[in-house]
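Single chain ahead, by itself, as structure tokens, in the form predicted alone.
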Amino acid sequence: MIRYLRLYLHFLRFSFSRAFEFRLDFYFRILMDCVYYSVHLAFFAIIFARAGVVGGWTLDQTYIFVCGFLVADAIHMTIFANNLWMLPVFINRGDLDYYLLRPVSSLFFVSVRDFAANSFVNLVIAAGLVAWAIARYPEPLGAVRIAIFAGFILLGAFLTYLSRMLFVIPVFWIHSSRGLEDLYYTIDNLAERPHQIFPRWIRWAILTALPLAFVSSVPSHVLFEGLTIERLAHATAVTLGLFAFVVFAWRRGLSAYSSASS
């Protein structure tokens, strides 16, 4: 475990050093994400200007939901996104050999090697938005619930990574430039809405089969309604099951991989 932590610290140092070599790109990406955050907040502000309650939530609750989603998305963009974007290229060109030859888990290496320094700044901004949304909430939420809310946001970011990996791993067999990521991004739009507004079969799908609701909707429900044993057990089962399936799919993909030397 210590070896992996030291390795990740080297990843961080390299990523920040490289990011500041291209400062215009660094600041532009921060600006781009700030616009993205503003659009999401404005979208729900416009909706609630016409309706007092949407899906059983008030505007204050929805702001917490939206800001929670932005934090989970920023975590994913900071830690995982760049790596998953490049993974199809590595597989198709045979560049994955570089990762397979290292004395560490190849799945760990390909998933976290590139840390997005600019997205880390946006993560800080998104965390500030969550603090703002919680501070303006008219009722006290309590430190324990807020801590559990933060924990579920971290879980949502991890489940986003696992879910997206399921759509990238097929590159081992179909050899496309993006895998099935276009399909993933279509489905991923469901994570940006409270899951209770959908029909029952869609709610089941985004809570269990492809748990995108854990990105923001479930953390917000835990914050407002409290954590139950059933909800904790469901979150644990979904996380362990999806992680085990991704590890299995990754190993099967490696068995079908044609390296640059083959």
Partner chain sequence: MSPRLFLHVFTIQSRKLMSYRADFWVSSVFAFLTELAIMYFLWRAIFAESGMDRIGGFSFEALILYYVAAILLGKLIRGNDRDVTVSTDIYEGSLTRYLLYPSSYFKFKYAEHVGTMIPSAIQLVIFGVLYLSLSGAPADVHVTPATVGMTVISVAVSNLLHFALLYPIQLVAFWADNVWSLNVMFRFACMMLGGLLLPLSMFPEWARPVLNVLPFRYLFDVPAMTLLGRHSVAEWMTGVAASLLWIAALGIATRLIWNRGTKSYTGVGI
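Numbering follows the first chain given and starts at 1. Values in this document were obtained by computation on a predicted structure and should not be read as measured data. In this text, rigid core is short for the largest set of C-alphas that superpose within 1.5 Å between two forms.
The next section is about a form of this same protein that is not shown, the form predicted in complex with its partner chain.
Its partner chain contact at D95 in the predicted complex, heavy atom, 4.5 Å: Close contact is absent here: in the predicted complex, D95 is far from its partner chain, nothing within 4.5 Å, heavy atoms only.
Does any part of G179 reach within 4.5 Å of its partner chain in the predicted complex? Heavy atoms only, please. G179: yes, in contact with its partner chain in the predicted complex.
Can you work out whether R193 and its partner chain are in contact in the predicted complex, taking contact to mean some heavy atom pair no more than 4.5 Å apart? Yes - in the predicted complex, heavy atoms of R193 and its partner chain come within 4.5 Å of each other.
Indicate whether its partner chain has at least one heavy atom within 4.5 Å of a heavy atom of A237 in the predicted complex. Heavy-atom contact with its partner chain at 4.5 Å: absent for A237.
Would all three of L7, V121 and A143 be in contact with its partner chain in the predicted complex, where contact means some heavy atom lies within 4.5 Å? No.
Could you list which residues of 23-37 come within 4.5 Å of its partner chain in the predicted complex, counting heavy atoms only? The stretch 23-37, when checked against its partner chain in the predicted complex, contributes L24, D25, F28, R29, L31, M32, V35, Y36 at the 4.5 Å heavy-atom cut-off.
Core superposed first: is there a CA shift of 2 Å or greater at S105 between this form and the one not shown? No, the C-alpha moves less than 2 Å.
Once the two forms are fit on the core, has R145 moved its CA by at least 2 Å between this form and the one not shown? Shift of 2 Å or more: no.
Can we say the CA of P88 moves by at least 2 Å between this form and the one not shown when the core is superposed? No; that C-alpha moves by less than 2 Å between this form and the one not shown.
If the CA atoms of S163 and S177 move by 3 Å or more in the predicted complex, do they move toward each other or away, so closer or farther than here? Compared with the shown chain, S163-S177 is closer in the predicted complex.
Sense of CA distance change between I79 and G179 in the predicted complex, threshold 3 Å: Pair moves farther apart in the predicted complex.
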